[in-house]
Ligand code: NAD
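In the form predicted alone, a lone chain appears below as structure tokens.
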């Protein structure tokens, strides 16, 4: 009998769906190993109170496509711990260590940090089961959040796509939803390329200044524990208003499905770079395409983190990480834009076609 959960599954996967529960410490978790044809799966462990099987599956498929598109010898997987990431330090360590012990036998899955978890969490996982990526520097890791690996890749994708969208990157106006590990580094790297940050949001609010926000000062403000809307260098606005901010480039770098058919018509940008995983619904991407808004999908633009993890896992250096991210994301962004024009496809369709072809070729080499 074929098992299907919420219409999940196709010829690529998933290979394994695990539902984990440990009532003693209130642990509930989901693991989806989507496809390992290219090699053992790398994928983050996120922590949030509202995770679902469908979301983790979609994220695992994004990892399969992301790793294949980047040419990494890894398949895709994702895990989610259903808990508040702001829980106590002691509770978080208990959750992570218990989760790690429960996936000890899932040797085809290499966990990494994701939303709600970090390098310290991966140190706990590695201590329990001897495998994790995104470790602290003192354990031989290359801390992707510290060096801004994902945000750097987003900046590279934006630089390539801006030319295609007819946007001079220097002095272009930039808005970013989410000013965490991805958003703040994307703002920093794009600022060094001449882009001007005019609006940004976090979980508590948003701020805008059409004359430009001081990125360094804003990063310092956030590191001190203050929300962006209290920053003195701009005007506070609601989080929902960020979608309609006048700008050239809009970067979603927060939760999934923030752009939908209900709000995408408010966008005034000409280019959207997906810093978060699955930040736009399929319908929203189609509507953006109809309006002439160029879209660079998540598994192309935000692959910097997993590229960093893969290089680290094989003993590479920090300089190799940045060079590899630059090379792979630049090459892949150019390729999907060329495929999109040549085959009259949405950029996501072109990217999915490219990545799926690579996965299927890998699957052909595996014993059935």
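Each form is matched to the other, and the largest set of C-alpha atoms that superpose within 1.5 Å is called the rigid core. Residue numbers count along the first chain shown, from 1. Because the structure is predicted, anything quoted here is derived from the model rather than measured.
One more form of this protein exists, namely the form predicted together with this ligand; it is left out here, but the text below deals with it.
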Do heavy atoms from each of 180, 222 and 276 fall within 4.5 Å of this ligand in the predicted bound form? yes
Out of the stretches listed (145-153, 98-106, 161-169, 211-219), which one is close to this ligand in the predicted bound form, meaning heavy atoms within 4.5 Å? 145-153
So in the predicted bound form, is this ligand close enough to residue 203 to count as touching (4.5 Å, heavy atoms)? yes
Just checking whether residue 67 would be counted as a contact of this ligand in the predicted bound form - the rule being heavy atoms within 4.5 angstroms. no
Does this ligand get within 4.5 angstroms of any non-hydrogen atom of residue 253 in the predicted bound form? yes
Can residue 131 be called a contact residue for this ligand in the predicted bound form at 4.5 Å between heavy atoms? no
Note which of 173, 94, 289, 239 lies within 4.5 Å of this ligand in the predicted bound form, where distance is taken over heavy atoms; exactly one does. 239
Relative to the superposed rigid core, does the CA atom of residue 70 travel 2 Å or more between the shown form and the other one? no
If you line up the core, does residue 59 shift 2 angstroms or more at its C-alpha between the shown form and the other one? yes
